[in-house]
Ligand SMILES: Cc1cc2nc3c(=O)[nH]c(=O)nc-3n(C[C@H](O)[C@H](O)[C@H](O)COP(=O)(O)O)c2cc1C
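Here we start with a single chain on its own, the form predicted alone, put down as structure tokens.
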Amino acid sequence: MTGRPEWLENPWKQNAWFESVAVAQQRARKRLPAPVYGALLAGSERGQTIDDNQGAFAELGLSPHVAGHHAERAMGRTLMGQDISLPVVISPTGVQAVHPDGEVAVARAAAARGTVMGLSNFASKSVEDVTATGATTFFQMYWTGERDVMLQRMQRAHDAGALGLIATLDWSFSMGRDWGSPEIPEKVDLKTMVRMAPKVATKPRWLYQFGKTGQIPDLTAPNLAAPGEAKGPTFFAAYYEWMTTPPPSWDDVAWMRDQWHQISGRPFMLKGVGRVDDARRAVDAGVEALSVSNHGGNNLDGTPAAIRLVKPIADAVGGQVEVVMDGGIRRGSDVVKAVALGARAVMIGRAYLWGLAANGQAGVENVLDVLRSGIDSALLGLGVSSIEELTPEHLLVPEGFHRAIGAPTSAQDGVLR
């Protein structure tokens, strides 16, 4: 030891820390086998919506002040009754087999950075293992299976300590990507490992991560296990149950919310709202929060970017429910733009998965730190002392940016379409 910093000891060694979500994505792409990385990239059909989710943020400008800044900036809020240290929460995503620790690593990172962990019922780790990390956890469910099965899953989530329920109802099973869909095996057995060996052999660091734990990527869904079962169904078996369950009505949404309240007395979020009339129906169904989302561009292609939908929906129902935005967040200034337009907070998906792939729990923490720093820089430049002060007037919004889909004609002013 010389007492010199590590980078000076070996200036050619890659720093595990990354300065942006884009760098995390680059490292994830280098580390992961092509099919695994392709599954994270996803998107549907021509990719119009996934591109607009990010591109729309670039259409919004900021106009900073030159003096009169505040030495301290606050970004803490509450969401569904829970304190969060920044307006960024973990969006539930399924089967996080990009790292051996999967959702457990993400939950630890969320707890370390003072935010909420959203856990998918298609996750690769159980709700009990995730809540055991101490992370504030919201459990996510699809409308899948019989009602008694759904009740059993709600009860299990409550018993494990979930502090909120998220119902995701926005996927129409749109498939057929123009750039091709990655191969995802139903299970990882010896036959699968031999067949896919050429695709993973070129990624020894990813293989080593799993090898040193004695694990192989698990493509089962433990949170969908029936009572008494040690192991849940495979991802594709779970997916089949979902596809073959008749889609829900608004009465079903109200039933789901009411059952969760009877079981837990805790808040309920409806995820996937993209229309003003649907937002109003969600309020009538009794939800406490809704997420403006297009399933990360994996729903019907051609759906507008989520950020284009936030203000019309927040203007319509923001005084009655908490409005969250999910889709395309890559930097702290994106978060500030969403909050300025009426979002209580944002949810991130691909961003933290790339951090997880790049550097495990520390990589997820890194992503949250990058977003926190970017939020702070934007608040500083805009001359505000808190995210509570943000309004649409802090943004440069081009004409025709917003999409007030499903709003009464009389509520539109020509700028919303």
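Residue numbers run from 1 along the displayed sequence. The structure presented is a predicted model; accordingly, all values stated were derived computationally and were not measured.
Below, we turn to the form predicted in complex with the named molecule, even though it does not appear here.
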Self-check item: Contact flag, Trp260 vs the named molecule in the model of the complex, heavy atom cut 4.5 Å
Solution: no
Quiz item: Closest heavy atom of Thr136 to the named molecule in the model of the complex, within 4.5 Å or not?
Solution: no
Quiz item: Is there a heavy atom of His295 lying 4.5 Å or less from a heavy atom of the named molecule in the model of the complex?
Solution: yes
Exercise. Find out whether any non-hydrogen atom of Ala28 is located within 4.5 angstroms of the named molecule in the model of the complex, and reply yes or no.
Key: no
Quiz item: Just one of Gly102, Gly164, Gly332, Pro92 has a heavy atom within 4.5 Å of the named molecule in the model of the complex. Which one?
Solution: Pro92
Self-check item: Answer option from Ile387, Ile348, Ala378, Leu368, heavy atom within 4.5 Å of the named molecule in the model of the complex
Solution: Ile348
Quiz item: Picking from 348-356, 387-395, 370-378, 64-72, which part of the chain touches the named molecule in the model of the complex when contact means heavy atoms within 4.5 Å?
Solution: 348-356
Quiz item: Among Leu40, Ser120 and Asp326, does every residue place a heavy atom within 4.5 Å of the named molecule in the model of the complex?
Solution: yes
Quiz item: Does any residue in 137-154 get within 4.5 Å of the named molecule in the model of the complex, counting heavy atoms only, and if so which ones?
Solution: Gln140, Tyr142
